[in-house]
Each structure stands twice: as structure tokens, then as C-alpha cells.
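Before any questions on binding or motion, here is one chain by itself as C-alpha cells, the form predicted alone.
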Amino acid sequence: MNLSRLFSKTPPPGPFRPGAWRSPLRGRWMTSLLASVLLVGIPFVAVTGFLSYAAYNPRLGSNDLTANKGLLGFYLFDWPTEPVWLYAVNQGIHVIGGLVLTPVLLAKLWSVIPKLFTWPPVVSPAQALERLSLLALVGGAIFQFVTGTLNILYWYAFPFSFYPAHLYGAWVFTAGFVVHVAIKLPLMRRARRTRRLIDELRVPLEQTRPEERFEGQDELVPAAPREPTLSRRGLLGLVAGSSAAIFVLTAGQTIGGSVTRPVALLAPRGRVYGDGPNDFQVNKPAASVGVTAEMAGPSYRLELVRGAGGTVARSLSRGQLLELPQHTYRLPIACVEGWSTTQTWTGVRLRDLAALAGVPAGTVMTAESLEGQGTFATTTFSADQVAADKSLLALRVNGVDLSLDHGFPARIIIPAGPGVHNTKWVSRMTFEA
């Protein structure tokens, strides 16, 4: 079926007209090379993103922030508590991988931009399917990478909630990616065999020539190319160098250490933090959510409740919490934005508090914060998380009391969990009976 007759034979002006795109570096080989990198990298970013969603235990309580998700929010398992660094590594790969792939993605979009303006836009049902997958792929990629980067930078310039939008966008992008790969993989393999990367890296600017037209016709190779101002070696070096620079300037927020952290210049939580016991990252200071020193002062009580809507089984002051058996573990806090920090926490095991409430250790628990109305002021933890040896209601960090910004008088620390679930200023813990 020929659908081209639905459109005018004369293309619109501007980027649709023949000869608008004249770079001699564009061609099937260059596009296929960049696509090969994305074909390896994007699945890692996608899988770690979906695992990050699973780490929130979205089936429990109000943990899921993706309303009306339907089948897009399917959930297969409770997030584990071991190894303790699991979420930090997962989210580090997701965030750093996405940032490092950004120059490759931009180069890939540059390499195929003539295809986005071909005229007529549709000539057959098969081409319509290909262009639809391209729309989902390009639109989804731009949306995911842009909103993800803005979230990392804490710049919420978009008029919607990041969490559901990023989940929905991930599925649109993934669907477009899978369809596009299925359609283009044979062509990509053939195009890669037309040249050898090692040979192209030896070609200087003055010997750079346009690619041959692939199979006689190739809209990526211009009919009247300009003189090159950059070699393919230079273009690939620019992309690789940009990715390497981004890695160096951001990875320190996840990797840590005295060498990498000081150079994390692009990471908002990645630089040097002094030597004080409480001197590490704070995403949400007490003042920003209305928690005051008076609220966390001598009148503070932690209520242990048995059963939803049940009666208070115990009410404990901070002094009474300190009299309970204390346990100390070195555990990370790892945030969705990609940064992590490992500190030494001391407090009461959650399973011991469950026992005080008169319920088994392997019981779902909901923690409420003095924060009141914040997005994560109420968080629900799985039975496995409550029963884990290293799950704490932390009272001290690095040998001193928590600061108010770090959750004084008491905060949750869950091994391998998202940092945002480490609820601060805990005032009530409700255990399912």
C-alpha cells in the first residue's frame, strides 16, 4: 500500500528540503557504531531503573507514588536487605550510566536527524510502524534523559510529579527501543561491516571522505556534502571524551573516597564534607519540613502501635530507647539521585521494637514522621526489612547523637533500601497484628 499520495510532492521548506543536511560524517556506519554503544548501555540503565522502582516496595502502604499505573507498575518481589550496598550500586549504575550515555545519545540523534525530516513522512504501513517506533524512541529518550538529569540536580522545572512521569516514560521508551532494535538490528550489523573502527581512527581530517551510499540509497549520506571540518576520529573522540569527563565529574558522589569525591564537581551532593560525625549529605533539612528542636525535645515520645488503627502498645521517650539493647552497623544511605554515603549507625533493631509492641518480628511496619505531610512522611517496610538484623531505629551516628537535620531524635536505617525510606524524626511505628 502506497501512502505517499496522501502528502504533497513538494516538501515543506527548511529541514524537509533535499540538501538541508550536508555533513560528510553522517552515514549508516557512524549511526550503527553509536547505536552499538547504546544497545549495550541502555539495557543497563533501563533494568536498574525498573529495579529502583521495585526497591520502594510499591505494593506496601503509601510507598507507591505512581497513581493509575495499571499494568505498568507490576511488582514481582520484596526488595532484599542484603548485600547492604545493593541499592547504592544499582542506583549508581542507573544515574551514572544515564549521564555517561548522554553524549552518545546526542551524537546518535545528530547522526539520524535527516531521517526525522524525510518527505513524504510515510510511504507504506511498514515504514509507518518504523517511524512510530522512532517517535517513541526519540521522544522517550529525550524525556527520560532530560527529566532524569533535572531530578539529579534537584531542579523540578517540570509541572508534574517526577516519579510517575519517569515510570510511564520508561515504558514508552523501552517499547520504542525494543521495536526499533528488532527492525534495525540486521541493517546495523551490515552497516558495521562496511568499515573497521580501527581503520577509521587512523584517518586524519584531510583524508576524511563521506560514506558510500548504503545499498544504493541512503538518506543519511548527503548528495552534496560539505567539506569536513572534523574527522570521524575527532567526532568519536569528542563523544568519548565528553562521556569520560562526565564520569569523572559525577561518579565521586557514588564511589566516594578521598580521590574521586573531591572532583565530583557536577554532583550536587558529591563534594567534600568535613570531619564532623554529622557532617555528611542532607537532602531535607528539618527547617524545610517544619520540624523544630522543641518537637524533638524532652516531650518527644515514640509510639509503638499494634495493628492499623489499634491502640498504643508502648510509648517510649528517647532516654528509654537508649536503655534498650543497642546495635552498631556501618551502613550506606543511597538516594535515587545517585549519591550515597556510608556511616556508622547505632540504635535499636526494628525487630526488637516489634517484640515490644507484642507482634512477631516478621511483620509489616509503617513508620510516621514528625514531618507530618511530606511525600515520604509515612513509609511502609516489608516483613523481611523489619526482621533483618541490620534494620535499625538509629539514635546515634559515628559515635554521637544524630543532628536534627539527620533525624534526631530517631530515624530508620534500612540496609540496601532507598535513602528516602530511611524515615527521619520517627514518631510512630505501626506493626500489622
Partner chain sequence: MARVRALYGTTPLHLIALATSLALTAYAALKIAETSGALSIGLWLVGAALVHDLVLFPLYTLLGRLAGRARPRRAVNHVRVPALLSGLLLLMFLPLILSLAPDSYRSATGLLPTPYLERWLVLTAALFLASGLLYALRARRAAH
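Numbering follows the first chain given and starts at 1. Because the structure is a prediction, the values reported are computed rather than measured.
The form predicted together with the partner chain is left out here; the points below concern that form.
Proximity to the partner chain in the predicted complex, taken as a non-hydrogen atom within 4.5 angstroms, holds for one residue of A355, A126, V312, L185, which is A126. For the residues V179, I93, A361, L324, the 4.5 Å heavy atom test against the partner chain in the predicted complex is passed only by V179.
Of the candidate stretches 340-348, 325-333, 196-204, 158-166, only 158-166 has residues whose heavy atoms lie within 4.5 Å of the partner chain in the predicted complex. Contact annotation: R396 falls outside 4.5 Å of the partner chain in the predicted complex, judged by heavy atom distances. Among heavy atoms of R26, some come within 4.5 Å of the partner chain in the predicted complex. Contact between A88 and the partner chain in the predicted complex is not found at the 4.5 Å heavy atom cutoff. At least one heavy atom of R226 is located within 4.5 Å of the partner chain in the predicted complex. In the predicted complex, the residues of 244-267 lying within 4.5 Å of the partner chain by at least one heavy atom are, in order, I246, L249, T250, A264, L265, L266, A267.
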